[in-house]
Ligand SMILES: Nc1ncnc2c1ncn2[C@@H]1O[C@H](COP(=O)(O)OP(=O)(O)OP(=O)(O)O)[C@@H](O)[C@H]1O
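The data below hold one chain only, encoded as structure tokens and taken in the form predicted alone.
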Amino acid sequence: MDRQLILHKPFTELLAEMPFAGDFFESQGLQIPTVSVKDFIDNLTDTQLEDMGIEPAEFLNNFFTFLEAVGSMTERTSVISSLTITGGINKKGEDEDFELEIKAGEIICIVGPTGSGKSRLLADIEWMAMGDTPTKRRIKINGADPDKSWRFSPEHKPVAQLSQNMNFVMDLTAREFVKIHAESRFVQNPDEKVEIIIEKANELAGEKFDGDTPVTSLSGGQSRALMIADTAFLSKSPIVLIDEIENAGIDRKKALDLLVGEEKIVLMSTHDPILALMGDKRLVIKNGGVAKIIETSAKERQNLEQLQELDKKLLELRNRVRTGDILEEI
């Protein structure tokens, strides 16, 4: 960080590069500068300095420390381009004997019977396992052991997880909820970003909602749609773990396209053949271990098109039932 450059740059230009810079001044009860930081400090009166209770040099040092800390927080997870899973053991103590490298933009599906260990694999990835979980699996980021802060510091974890149950307890509207997240991420034009997220969420949800809808009133499908759109556009986490999206009542293809379009690594446990074939590969879980890795073939892609047409027809019929149609002709 070039401190001298930041010191003399017009603050409007600095805000364009670092939207969070203004938060430091507001936290001190000060107006956001319209001039450079140096000019701002030079023009402070003795009374203002006395009210602040801090010398100019210390104020500047705190300002630069703030910029470095927040900049590090917002950028550190953006460098992840690959995740590697090295096999451990299954429930019988047998070796899994595999290593899988997953690139940004790939979708990996995890399939297997209920209770087979799909959620355990997601948990190993979330916690960046280093042979210290029951499965003895190991996770590498960009080919190396994960940073300790990624493992043990919640605010630095590069993983976002969408679970089966989404329960909100805050008395906020959908718009207010997303805006708080946007502002905590120091994004530019938070209001614009919020409206995009609400719009995209409605493209995913089976039943539409608006930004004034309380989050506690959202259905399960609407909640999941909102969180998927929020994760795609606001989350800095480059790794997304999804548990059984098929139960959410949302447009699954659009949801995955949205996440992959943001160059995230997506791992998803599912029982749905359509979702399974949307993935680049699928891991078959048996007895708590990865028993097989299947790469989606060209023939399966062709079958996927037929399955999607069938699914589209079923969705149309479900909507007709919801609206009270008589299904004498389908």
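For every residue, the number given is its place in the sequence shown, counted from 1. All figures in this text were calculated on a predicted structure; none of them were measured in a lab.
Same protein, other form: the form predicted together with the ligand, not shown, and the subject of what follows.
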Single option in E106, D251, E244, E126 placed near the ligand in the predicted complex, where near means a heavy atom within 4.5 Å
E244
To verify the annotation, which of these, H271, K38, K292, K281, has a non-hydrogen atom within 4.5 Å of the ligand in the predicted complex?
H271
Taking the shortest heavy atom distance, is S116 within 4.5 Å of the ligand in the predicted complex?
yes
G131 near the ligand in the predicted complex, any heavy atom under 4.5 Å?
no
Answer yes if any heavy atom of I196 is within 4.5 Å of a heavy atom of the ligand in the predicted complex; otherwise answer no.
no
Does the 4.5 Å heavy atom contact test between I89 and the ligand in the predicted complex come out positive?
yes
Would you point out which of 252-260, 222-230, 90-98, 208-216 contains residues with a non-hydrogen atom within 4.5 Å of the ligand in the predicted complex?
90-98
Using a 4.5 Å cut-off on heavy atoms, which residues of 18-54 contact the ligand in the predicted complex?
none
